[in-house]
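Okay, here we've got a single chain as structure tokens, the form predicted alone, with questions on binding and movement later.
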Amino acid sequence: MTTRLTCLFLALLPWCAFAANERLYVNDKKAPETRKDLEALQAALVKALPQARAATVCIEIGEGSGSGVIVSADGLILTAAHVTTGVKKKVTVVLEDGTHLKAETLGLVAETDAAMMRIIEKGTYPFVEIDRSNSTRLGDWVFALGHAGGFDKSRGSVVRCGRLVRIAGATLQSDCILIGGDSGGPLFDLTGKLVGIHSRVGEQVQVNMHVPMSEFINNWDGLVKGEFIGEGPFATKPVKGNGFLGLATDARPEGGLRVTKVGNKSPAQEAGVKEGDVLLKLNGTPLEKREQFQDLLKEMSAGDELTLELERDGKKQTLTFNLGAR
């Protein structure tokens, strides 16, 4: 049975609902054998899909994008570490209806690709239930959601059906078809419970790895606290002092630092800083001496977001941007 056959789900009429905690009998068959089997699969998917799609988000970071899924009414999101790339970063998430919301990355597990973030705008958001009982079995039918190729409101998140073909430690493997932009998106069982997060999209579109929910549950407290957990291939731990701003300053007797030079194509120049500007505050701290400014920057890392309050021609401005790398 190939995943192409799953396309027949949407061509058939729904058949009998089943209880939310009931295991679908078709999971225990090598392949659907009858129309009844296909209709049972379709009925499960039709029931689970609306809430799953409502909770699946597109995550926009810089020029790229990934996916994630909301798991609490107050906006907690699970995604992949290689999507967030770090902790305490400001990002934008896009709901299924196109609403853009501000969010902040929380913790991550660098070795297994688990990560968490939270919507920082107050609200009540659609969310899905996590499979905390580790009930998924080899061969079970699952469906994947994600904003493949980036957000497209007219299309919405894309659903792909398949089966679990391998379960090994901190990795699930499915034959759901995934491409770029799906990373960090959710993998559900047919009751609509979240069982995994898309991690490694294979060179063959039907060979894809997912982070199981056990990895999130085992590291939950650290993820919520914003910890960078472990070392591994999916995220690089930030190094203090390796950030690059690209400007020179002189102190003024009356306070603040006057910008004497701005590097060509530097983060400062691209953010709009100009020679002659007077820097008043860095991340809310008043600036008085060059050495103090440098010490504050030494506590930051490449990619960190900073806020500069400055004065130009008697008018105050605020610039928010990210440090480059040395």
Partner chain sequence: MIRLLVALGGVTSLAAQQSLESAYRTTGTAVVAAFEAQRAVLQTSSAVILDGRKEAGYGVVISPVGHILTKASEFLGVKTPSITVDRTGFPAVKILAIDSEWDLVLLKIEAAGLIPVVYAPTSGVPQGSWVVANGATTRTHRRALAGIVSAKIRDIPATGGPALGVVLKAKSKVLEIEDVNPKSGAKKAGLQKGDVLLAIEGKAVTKVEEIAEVLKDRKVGSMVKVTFRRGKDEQSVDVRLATRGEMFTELMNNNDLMSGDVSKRRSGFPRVLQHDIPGNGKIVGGPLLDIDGRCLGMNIARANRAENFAIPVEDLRALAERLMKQAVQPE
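Residue numbers count along the first chain shown, from 1. As the structure is a prediction and not an experimental result, all values here were calculated from the model.
This next part talks about the form predicted in complex with its partner chain, which is not shown.
- The chain is drawn here without its partner chain; in the predicted bound form, the stretch among 244-252, 213-221, 121-129, 173-181 whose residues come within 4.5 Å of it by any heavy atom is 173-181.
- Residue 78 falls outside the set of residues with a heavy atom inside 4.5 Å of its partner chain in the predicted bound form.
- The closest non-hydrogen atom of residue 226 lies beyond 4.5 Å of its partner chain in the predicted bound form.
- Though the partner is left out of this view, residue 162 does reach within 4.5 Å of its partner chain in the predicted bound form, counting heavy atoms only.
- Not displayed here, its partner chain is kept clear of residue 91 by more than 4.5 Å at the level of heavy atoms in the predicted bound form.
- For the candidate spot formed by 49, 82 and 207, every residue has a non-hydrogen atom within 4.5 angstroms of its partner chain in the predicted bound form.
- Think of it this way: in the predicted bound form, its partner chain has a heavy atom of just one of 298, 35, 261, 265 within 4.5 Å, and the residue is 35.
- Along 121-140, a non-hydrogen atom within 4.5 Å of its partner chain in the predicted bound form is carried by 138, 139, in order along the sequence.
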